[in-house]
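Shown below, as structure tokens, is a lone chain in the form predicted on its own; questions about how it binds or moves come after it.
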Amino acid sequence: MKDLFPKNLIARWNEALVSSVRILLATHIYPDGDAVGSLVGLGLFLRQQGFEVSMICPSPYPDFLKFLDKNGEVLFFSHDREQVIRQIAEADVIIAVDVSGFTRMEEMGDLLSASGAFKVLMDHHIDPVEGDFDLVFSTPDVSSTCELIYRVLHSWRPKATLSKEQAIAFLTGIITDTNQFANSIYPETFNVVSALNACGADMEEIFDQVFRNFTYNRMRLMGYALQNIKLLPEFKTGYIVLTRDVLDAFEYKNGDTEGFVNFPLAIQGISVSAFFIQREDHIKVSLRSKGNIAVNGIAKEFFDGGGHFNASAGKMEDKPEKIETLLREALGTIIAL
């Protein structure tokens, strides 16, 4: 397997870890499969190597990802505020995973940024905030942060064997972040998947937990979303809007809309999809595209976000009635009528 980063970075990583007592792993708000897989997979591996490790998130992960954290060791800032603050204060090394900077961790990110601990970034998004960190492992040329971490660990401890639990965590991140191997796949990705499978990660078990484990209300919400796809044929775009009243009607829980952004792309002639979900104080925006249509530019310019060429995210002010106007304006900059 090819080394993803130069040996001097691996040497600095080793130096930082071996001189530490307490390592703290952190990820972004509303953590997805890649975030939780990175957190748990790396955390369990470092413990296996003899390090003292804690894991934190700003907010809870979706229920369908609980199988990755069977003992409930991941702490949530929204629920365990004082304990998380104590973990941050005691950390010698802070490793941020699947996040380009501390701002995506909201208030918890401010506390991490202010810490005097040695800070490491492990991420695959475009435009990492390198100034936030002392050591950066970041490239968009991998499928997921889970793949990136696995390859860093392979370079660092090539003779170490992953446990089944670690392999499952990393493979879950790869499967979910590639939309079940539909995008962001590279030749080395399949080498990593093969290695994880050899360590005991069962792909069917992961699919059962993540994609065949929905609540009745989640299925009803999916039906509503499918029935309310709006099309902008001139832009080859479909979009979905879920407002607070709709979410409340279906007793929405975090993670219930996972994958909804991809629904419009299954429609013939649609090359761009947008998904808008109303949060308490803003509207979260997710963008996907096919082929050579880049959505990361409009995510940055129009929705205060960013991301990958074909998969990006951002947010907008809490006014659903402005969605179509702003979306049309954004699409007009990348799709000629």
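Quick note: we count residues from 1 along the sequence shown, nothing fancier. Everything numeric here is computed off the predicted structure, so don't read it as measured data.
Absent from the display: the form predicted in complex with a small molecule. The rest refers to it.
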| item | value |
| --- | --- |
| Answer range among 36 to 44, 49 to 57, 304 to 312, 266 to 274 for contact with the small molecule, defined in the predicted complex as heavy atoms within 4.5 Å | 304 to 312 |
| Touches the small molecule in the predicted complex: R151 (any heavy atom, 4.5 Å) | no |
| Non-hydrogen atom contact K284 with the small molecule in the predicted complex at 4.5 angstroms | yes |
| Distance check, H125 to the small molecule in the predicted complex, heavy atom within 4.5 Å | yes |
| Heavy atom of R104 within 4.5 Å of the small molecule in the predicted complex | yes |
